[in-house]
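Take a look at this one chain, the form predicted on its own, written out in structure tokens.
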Amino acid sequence: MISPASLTELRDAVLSAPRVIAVGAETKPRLSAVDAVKISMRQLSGITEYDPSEFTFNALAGTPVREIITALEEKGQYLPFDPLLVEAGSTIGGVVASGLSGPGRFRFGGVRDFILGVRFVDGMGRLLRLGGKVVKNAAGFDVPKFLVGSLGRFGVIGEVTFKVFPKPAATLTLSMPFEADKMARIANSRFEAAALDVLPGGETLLVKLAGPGAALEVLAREIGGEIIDNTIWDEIRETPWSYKTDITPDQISDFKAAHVSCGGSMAFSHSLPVRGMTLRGDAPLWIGGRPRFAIEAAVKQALDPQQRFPTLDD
């Protein structure tokens, strides 16, 4: 394994072998289980710039997400998409490469909605900077968003720029029996739930509210259910799921063995799903196939014409 300590060394590492793949803390090992020389990003770590007044930060790809969360909390800010496996050691580059978001994606959007810029090394050893450090930046092809969920197959991410939000004054969690109609009503109501998840078994619906404490108590009485400890969201974030599946709300009843998140748009499970992506274990990377788009081949040819990185089919 190669362990570069600078972006210059990262470029050299990419060119050092005919086939390479970047890894972080390997909290989702199946994503990098390919026949290639591994480039460890752990030494490329640290927040390089943080401007709380602009609600943006830059960090090297190997920076542990826990370090970023701690720095943001000191300024009353946070990453609303609830990155997963924080205590397990996940890195910010791995968050981008895997494209995985937690329960907060329901209200605020996922990783793709918060990344602003990226510095990465492509298959020809070019160190490229795309995107910017400001929220209002819409010039050209949005490569930073394209790299979200790319699994390191188009380039090695070296540094990222994210926007952040003010942290809510308070949060409150409600637990109630799951009913599809009830979840739909809450999702489309004025309550503006911060998260809607269904626990494995398909019998319990969790509703997370965020905002001024007094207002949350009023909303909780209107919604109903039992107020429970907010730490359940920490447990959800750290559960080492094996598979991730995109679903629609009407499919929730078919995934009772899974944890259904983001208002019914995705499911995480420990058993083999009908379709989806393998995060852990020895199963194929994609279960049941995956959609293919013409732009994928075009970008691969532009950034990695020598096929130095594995493909999304590996």
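We number the residues from 1 along the sequence you see. Note that the structure is predicted; figures quoted are calculated from it, not measured.
Below, we refer to the form predicted together with a small molecule, which is not included among the displayed structures.
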Practice prompt. Give a yes or no for Gly211: in the model of the complex, does one of its heavy atoms lie within 4.5 Å of a heavy atom belonging to the small molecule?
Written response: no
Practice prompt. Find out whether any non-hydrogen atom of Leu31 is located within 4.5 angstroms of the small molecule in the model of the complex, and reply yes or no.
Written response: yes
Practice prompt. Give a yes or no for Gly152: in the model of the complex, does one of its heavy atoms lie within 4.5 Å of a heavy atom belonging to the small molecule?
Written response: yes
Worksheet item: Does Met41 reach the small molecule in the model of the complex, with heavy atoms at most 4.5 Å apart?
Response: yes
Discussion item. Quick check for you: of 49-57, 22-30, 259-267, 244-252, which stretch puts a non-hydrogen atom within 4.5 Å of the small molecule in the model of the complex?
Written reply: 22-30
Worksheet item: If you check Gly89, Pro166, Gly132, Gly109 against the small molecule in the model of the complex, which one has a heavy atom within 4.5 Å?
Response: Gly89
Discussion item. Ser98, Val156 and Arg280 - do all three of these have some heavy atom no more than 4.5 Å from the small molecule in the model of the complex?
Written reply: yes
